[in-house]
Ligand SMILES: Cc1cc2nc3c(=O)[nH]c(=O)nc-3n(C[C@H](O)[C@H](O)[C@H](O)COP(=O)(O)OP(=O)(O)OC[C@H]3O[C@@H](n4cnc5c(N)ncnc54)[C@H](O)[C@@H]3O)c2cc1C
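Take a look at this single chain in structure tokens; it is the form predicted alone.
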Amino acid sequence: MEITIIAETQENNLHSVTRQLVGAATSLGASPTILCANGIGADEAAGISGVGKVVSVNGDCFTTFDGGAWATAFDAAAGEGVIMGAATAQGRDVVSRIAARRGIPVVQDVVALSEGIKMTHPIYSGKAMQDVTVAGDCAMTLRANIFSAADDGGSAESSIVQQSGDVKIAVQEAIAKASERLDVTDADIIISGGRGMGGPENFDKLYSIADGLGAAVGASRAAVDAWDEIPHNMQVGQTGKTVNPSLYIAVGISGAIQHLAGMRTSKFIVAINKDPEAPIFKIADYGIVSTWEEALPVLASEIANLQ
């Protein structure tokens, strides 16, 4: 079995989860190849027991993270078989893009792995576990601190390849991202609106508060379905984006199960809703029974006083 591991790095060093990926790969009987962006962590990777080969994939596309450009570069350097990465935001992005380029299945957040490529991963926001068996090439990301890390003692051969993602695509994506507001998946503070906001024009109140907090603006599925002006990429929930910010402010959101699945792990949840029986209050750390018209001006004023 041929397995290629996308090395996970942190502050110009090999992240400890990479050793765990090697441990998982060797448990399947493989001698994996490790791909290191611009050679970061390559020497350490070559010394991990069980590693067959280390490839430093060098290119200017690795200067800053761009999932599309990184996936293009890594895909060109990776062999056939299994593509394996860490279940981090960066790892999920790159591995899934490689899978899409190759037209192979991808399984995210794997917590158990056995021969024959049998995988277990959580579904329904961790409420259940699903067993998956894949025949043939596939891609996967593994959850950190689940698999035993491989020890030192290896002496893998190393090589360098010069690769660069499609610069035109990378530039286009960079320009597009620069013109967008902060994405909910990248934000430490999120303020989301639901259909209780009354109309898409009232989301301007949320944007104003978000600007003062350095926050992203999200939306419930009900708001996205109701108003064309609220795009799907703002949707938080089971069929939207899963977020885990330090602070999540829900305004005019009742708290349907679908929405809760995407934000219930937020560290601190504030709910503003005029209905005291709204389900969102059951998981909120702090609830305000009020209309958004009454609450948001007060919130904006308090934020201004903090600055």
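So that the term is clear: the rigid core is the largest set of C-alpha atoms that superpose within 1.5 Å between two forms. None of these values were measured; they are calculated from a predicted model. Just count from 1 along the sequence shown to find any residue number.
Absent from the display: the form predicted in complex with this ligand. The rest refers to it.
Although the partner is absent from this view, Q235 contacts this ligand in the predicted complex, with a non-hydrogen atom inside 4.5 angstroms.
At the 4.5 Å threshold, heavy atoms of K205 stay clear of this ligand in the predicted complex, well away from it. Mapping the unseen interface onto this chain, Q258 counts among the residues with a heavy atom inside 4.5 Å of this ligand in the predicted complex. In the predicted complex, at least one heavy atom of D275 sits within 4.5 Å of this ligand. Distance criterion of 4.5 Å from any heavy atom to this ligand in the predicted complex singles out A222 from the list A71, V107, I230, A222. Stretch 188 to 196 is the answer when you ask which of 142 to 150, 120 to 128, 81 to 89, 188 to 196 has residues with heavy atoms within 4.5 Å of this ligand in the predicted complex. Remark: with the core as the superposition reference, the CA shift of K53 between this form and the one not shown stays below 2 Å. The two forms, fitted on the rigid core, differ between this form and the one not shown by 2 Å or more at the CA of F281. The rigid-core alignment places the CA of T239 2 Å or more apart between this form and the one not shown.
Expansion of the V236-R101 CA spacing by 3 Å or more is recorded in the predicted complex, set against this form. Between M234 and D66, the Cα distance is greater in the predicted complex than in this structure, by no less than 3 angstroms.
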